[in-house]
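Each of the two blocks below gives one form of the same protein chain as structure tokens; they are labelled structure 1 and structure 2.
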Structure 1
């Protein structure tokens, strides 16, 4: 039945469990909408026949609806919307939370190409290789204008925004090749901004990534240049700590909650900060990225405008790693509070 509906709606084959879940919701919405439309059309046709004007003396009677009529007319459509929400919202939440241990890949959109980079190398243009059966988290940004990373076979679409990064994840079922498009008009060659997702057998992917990293290491040794701040084999949080230390971030921001030149990174993520203008912002991924790229735009109340911009100094993968490091410094028992400090949940024994 699902395959028939997929063909009728001109959908490509589903290459992941998420794609099948999205299709199920899509089919349910389409079927219920069509049934409701047929019911309304049939009722209107029956009323036209049953209550048509039969003579010049016919007068339209005044009808006083009962309360249960109004409840029925409002409740039935509302019930459909609530059912759609009950199915779709958990799918949305799941799509935004990569499972633990997911492999990270950095994605950068640029007129008119896609660049993919793995922590510690390698990188590639317009070809993304991933293992089948393993979760993959994509950290997406743009170098110029707004793009949209779209893989129809995975029912996966996520905007790529300049100056910040967004994330999504997927897990492909089996080896194969899938087309990648840009789904946001980005200029004259928008339609040619194509790439390919290559899903490999896990053992073949492991061999490929090891070979690429050995080649990258040999190239770096031959060129006698310093290694990348994103060391191969390390976690994203460890890489973020390394970037922060090398770039001097920890000279101004403490990680233990103590006050310093800049706001402490301890429990900073999702904390509500009061700015010098009086506005209050939430320190989410977008804010943390903006604070690195344009620190003078949103100055936290009580601190001076002394932070330099890191626009052009940090690559998108390095920015993403620093943000992940800051997120790791949030303790589970802390909830977001105002800028005067974190607010701790009460626990037994305290």
Structure 2
């Protein structure tokens, strides 16, 4: 029954108990509205048929309401409205108060991406991983303008305000993927500010977060011992990130889309880049490699020629790793399906 109604109303699947509760209220509201509508318009229709004008000299009596009419007009809808409210308000209050022991995740909105940070350091971009069946509290803020963290499948939304923390919480039922939107208008790419909620089996989540923490620790160790950057076992992308961190690329290049001393690496791969000479090149692997080896040869329009050459400072495997890393930095396009590989930032605190 409720599944049928959900489909009729185009509601997305409900991924938490709270979502199902809200849906029940939704159904109740829709049904009462339809019944009231039926009553009102049915009556109006009956009147219109029965009392249609039959002749130009129709006469009508004067009819005045009794007090009980007006009492009914006020009382009936008010009673319904208050019942709706009496159901909805406690649901809302509950959704604002996280149960004790909930896992905290820090959420930061930023034009135009979501950054999630877990206690103990690891953080990720545009992908929020949580364990199924455990309460998760979100502490939400914004770096620039107002955004709004919105997961339709959880019937959950909370604004991200600059300079303040807001909070909300949820407990997802089962493993799965759910779209995250930005629901408060925040400028140019408001509709591209998408992210994904990945609900994992609790054991898998624990393993994943442990791995993240270890990766973090390793990156910190690695920073102290150059030469061991291409640690075996980690992915090429991961290695590229370490190289970039250690070689100081990230002092000048951002990976979040913001302009720094150098152009951002986000979405750089296959971007059409205008050079100071006016020529336009496509940033493929060859161009990226050239940029590292002989930066002065091609200067991106609007930037200074300040980048040092890395000829001889980077080994070919390291260059390949950095290129792979740059290729991985894609803003997810608007899409309905599951995301491609996630992008983790395991080098916090810079």
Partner chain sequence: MSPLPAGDPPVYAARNYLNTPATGLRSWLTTLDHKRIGVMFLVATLVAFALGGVFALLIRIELLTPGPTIMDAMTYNRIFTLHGVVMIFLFMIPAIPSGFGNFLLPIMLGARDVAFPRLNLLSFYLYLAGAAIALWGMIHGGADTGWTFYTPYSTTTTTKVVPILLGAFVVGFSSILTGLNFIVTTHTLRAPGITWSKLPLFVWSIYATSVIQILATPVLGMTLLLVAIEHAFGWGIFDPARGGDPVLFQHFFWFYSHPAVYIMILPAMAVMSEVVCAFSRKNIFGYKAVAYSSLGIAFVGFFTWGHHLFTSGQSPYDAGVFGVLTMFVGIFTAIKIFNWVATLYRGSISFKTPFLYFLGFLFFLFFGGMTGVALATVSLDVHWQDTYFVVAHFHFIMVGSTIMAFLAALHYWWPKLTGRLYSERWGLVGAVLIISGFVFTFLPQFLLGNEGMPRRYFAYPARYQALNVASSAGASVLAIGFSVVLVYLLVALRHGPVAGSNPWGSRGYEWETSSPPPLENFEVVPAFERGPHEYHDLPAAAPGAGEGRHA
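C-alpha atoms forming the largest set that superposes within 1.5 Å between two forms make up the rigid core. Not measured: the values here are computed from a predicted model. Positions refer to the first chain, counted from 1.
Between structures 1 and 2, only structure 1 derives from the form predicted alone. After superposing the rigid core, the C-alpha of residue 254 moves by 2 Å or more between structures 1 and 2. With the core superposed, residue 309 shows a C-alpha displacement of at least 2 Å between structures 1 and 2. Here residue 193 does not count as shifted, since its C-alpha moves by less than 2 Å between structures 1 and 2 after the core is aligned. On core superposition, residue 52 has its C-alpha offset by 3.9 angstrom between structures 1 and 2.
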